[in-house]
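We begin with a single chain expressed as structure tokens, specifically the form predicted alone.
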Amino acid sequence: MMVLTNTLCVLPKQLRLGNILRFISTCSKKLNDGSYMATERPPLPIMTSRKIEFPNPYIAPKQAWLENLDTVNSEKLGIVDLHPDIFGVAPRIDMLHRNVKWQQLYKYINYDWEPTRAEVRGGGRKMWPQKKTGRHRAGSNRAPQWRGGGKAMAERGPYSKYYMLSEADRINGLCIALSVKYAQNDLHIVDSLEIPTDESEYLEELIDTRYWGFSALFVDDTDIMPENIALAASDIGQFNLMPVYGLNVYSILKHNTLVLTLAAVDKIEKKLLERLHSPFLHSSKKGKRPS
């Protein structure tokens, strides 16, 4: 049964059957009993431009489509302007490698431990007299050259390999990773993460229909995600949700597709532009603020 109100969904004249069905599917929401309830959507395009802070006078802003997630097939809701200093940076493999290596090592702890000659049992007595035996000089059978002896330059774990990457390298790594995803057409911007159902099959069909690859990272401006997409993505290991404050280079490169909400784009640009234009960013070689 179809429940459509004339005030929210008005069918244009002279539409073919396929267009009518598509129009109904985009203007309606399926209920639990199988019926559909009309949902309000402004006429397309919703937006054609977007104000960006700290505009670059020498480089034109990048542009991307604003898409939706409430239908399986992609709909272009408008065009979004992106800051060229964040989404149009020249790729640097060394900077990406520096960030990925830091993320893998800063939380790594080596637990390897081997005994030295002082910690091996026995070996207190001299093996034979120092002279007049025709043998080499030996003071203990627990020296590293003896079988069962201690280890020279042994592993003395546990110890941490933690170190802090400079703020300039971390910010540049994020900008380069976002620019690489944009250049490879693996960056998609949506109006919100709301989907009509919490079934994982819907999310899989959406990803397959839009050719978004085998894995996708959905980023929103807050850590309170919509219920439907949180339940749908919980059953699929390669589809992950992340707030803006957890965005990192390793997670961006690990997933085939990066999906950002419009609110997430605003917060990402705001935070990165504040640090890029900060007087303390390049004041020290180690990325620390001067005392």
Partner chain sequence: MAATIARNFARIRGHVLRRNTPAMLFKHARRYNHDEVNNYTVPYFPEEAKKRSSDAEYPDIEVSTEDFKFVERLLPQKTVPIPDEQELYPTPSGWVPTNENLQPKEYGVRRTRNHMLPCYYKKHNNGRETVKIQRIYGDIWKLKEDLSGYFASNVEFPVDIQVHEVGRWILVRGNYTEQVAQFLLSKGF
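Residue numbers count along the first chain shown, from 1. Keep in mind it's a predicted model, so treat the numbers as computed, not measured.
The following text describes the form predicted together with the partner chain, which does not appear among the structures shown.
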So, in the model of the complex, is residue 55 in contact with the partner chain at a 4.5 angstroms heavy atom limit?
yes
Partner proximity in the model of the complex: residue 167 to the partner chain, non-hydrogen atom cutoff 4.5 Å
no
Flag residue 263 as yes or no: does it have a non-hydrogen atom within 4.5 angstroms of any non-hydrogen atom of the partner chain in the model of the complex?
no
Find out whether any non-hydrogen atom of residue 241 is located within 4.5 angstroms of the partner chain in the model of the complex, and reply yes or no.
yes
Taking a heavy atom within 4.5 Å as contact, would all three of 93, 152 and 155 count as contacting the partner chain in the model of the complex?
no
Out of 198, 204, 75, 186, which one falls within 4.5 Å of the partner chain in the model of the complex, going by heavy atoms?
198
Sole residue of 81, 191, 220, 85 within 4.5 Å of the partner chain in the model of the complex, by heavy atom
85
Stretch 217-236: residues contacting the partner chain in the model of the complex, 4.5 Å heavy atom cut-off:
224, 225, 226, 227, 230, 231, 233, 234, 235
